[in-house]
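Presented as structure tokens, the chain that follows is alone, the form predicted alone.
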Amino acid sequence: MARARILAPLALLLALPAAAASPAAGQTATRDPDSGLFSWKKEDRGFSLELIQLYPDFVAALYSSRGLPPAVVDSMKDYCVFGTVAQNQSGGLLSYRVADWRYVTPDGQAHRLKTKPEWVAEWKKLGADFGWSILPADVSFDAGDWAQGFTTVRLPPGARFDLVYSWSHHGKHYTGKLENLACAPAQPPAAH
């Protein structure tokens, strides 16, 4: 069993109220009326995956608050970051590998996601032995168990994409898609 838990800020984001439904089958979209941030969730054949937008300044502040070198904080600036929750609802052992997942940009190109081991190796070179924040890269977990962490997509604020992901359980391999996701805008909306 493998678990990764993000600190309280991510847990607060998980409590976003429902506000919208996506036309994609089985996919829901939720918008927080206060922050303006969206989250998307899909439950499919025993696997639940949710991505939650995070403002770039929030991510930078979170990493800075850990006392990490500025180079580590700067390493995230070319990525949009999502809080991510993966849950096993299959009734048995379930596994996934982030290295198998791809984000697909509107031009149809598929791109690999940067995995936790890749981030940890990069940050180690920058002087930080740190890795708690990124979604576990290769997980097998029991029924009802879950994993949390950040998913990073190398796109600018506001960019749109689909996420094609996969998982395995009961000896079968499955593929799912979260459609029409968007990176958070660069800044929160101005207060009125």
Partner chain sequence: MASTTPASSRTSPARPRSRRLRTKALGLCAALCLALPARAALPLPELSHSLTALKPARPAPDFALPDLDGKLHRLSDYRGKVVLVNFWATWCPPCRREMPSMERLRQQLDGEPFAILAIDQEETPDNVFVFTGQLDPAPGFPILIDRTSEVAPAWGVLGLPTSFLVDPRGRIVYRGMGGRDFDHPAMVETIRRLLEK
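Keep in mind that this is a model prediction, so the values were computed, not measured. Positions refer to the first chain, counted from 1.
Not pictured, yet referred to below: the form predicted together with the partner chain.
Taken together, Phe47, Thr152 and Glu179 are entirely out of contact with the partner chain in the predicted complex: none brings a heavy atom within 4.5 Å. With a 4.5 Å cutoff on heavy atoms, Lys114 does not count as touching the partner chain in the predicted complex; it lies far away. Remark: Val85 counts among the residues lining the partner chain in the predicted complex, judged by a heavy atom distance of 4.5 Å or less. Although the partner is absent here, Asp162 lies well away from the partner chain in the predicted complex, with no heavy atom inside 4.5 Å.
Using a 4.5 angstroms limit between non-hydrogen atoms, Ala29 is distant from the partner chain in the predicted complex. For the stretch 133-165, the set of residues having any non-hydrogen atom within 4.5 angstroms of the partner chain in the predicted complex comprises Ser133, Pro136, Asp138, Val139, Phe141, Asp142, Ala143, Gly144, Asp145, Trp146, Ala147, Gln148, in sequence order.
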